[in-house]
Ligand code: AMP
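Shown next as structure tokens: one chain only, the form predicted alone.
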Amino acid sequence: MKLSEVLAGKGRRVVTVSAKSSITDAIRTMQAEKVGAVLVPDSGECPVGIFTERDVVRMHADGDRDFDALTVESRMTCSVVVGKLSMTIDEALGLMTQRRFRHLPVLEDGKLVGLVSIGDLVKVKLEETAQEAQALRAYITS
């Protein structure tokens, strides 16, 4: 299965915030939208950064607690790894595991078309495994 199929099932909506937003605003956006990451796009909707729950935890651990004064731009991850619609789930999971991140923006022709989380991909893999097991049981009993 490809990322295009995952996004067709879950939708292509991506939650974004401005690089100039405060950390507090980004946290409130993540809470309101029930997401673990927000993308920071440039004017052409291409991601220049990503801000995640993990970034918030790191900030807190480092003693950065004035979330109203700090901007997303100052704490976002700038080296954003992206996927393509043609990428398989296994390729995406491998990349996310190897590089140790949980959110993969998906681009096509340089445009942001969606975001998948490791949870989205694991859910699809579990569904595939359950279907395979059911097909094998049906084959064995017939």
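These numbers were taken from a predicted model, which means no experiment stands behind them. In case it trips you up, residue 1 is the first one in the sequence shown, and so on.
The following text describes the form predicted in complex with ligand AMP, which does not appear among the structures shown.
Asks: Quick check: do S86, V113 and K125 each get a heavy atom within 4.5 Å of ligand AMP in the predicted complex?
Replies: The answer is no: none of the three residues contacts the partner (heavy atom, 4.5 Å cut-off).
Asks: Just one of E108, E73, D55, D64 has a heavy atom within 4.5 Å of ligand AMP in the predicted complex. Which one?
Replies: Spelling it out, the residue with a heavy atom inside the cut-off is D55.
Asks: Just to confirm, S79 within 4.5 Å of ligand AMP in the predicted complex by heavy atoms?
Replies: Looking in the predicted complex, residue contacts with ligand AMP include S79, since a heavy atom lies within 4.5 Å.
Asks: For K34, is any heavy atom within 4.5 Å of ligand AMP in the predicted complex, or not?
Replies: K34: no contact with ligand AMP in the predicted complex.
Asks: At the 4.5 Å heavy atom threshold, is A92 in contact with ligand AMP in the predicted complex?
Replies: Judged by the heavy-atom cut-off of 4.5 Å, A92 is well away from ligand AMP in the predicted complex.
Asks: Residue-level question: is L104 within 4.5 Å of ligand AMP in the predicted complex, judged on heavy atoms?
Replies: So L104 counts as contacting ligand AMP.
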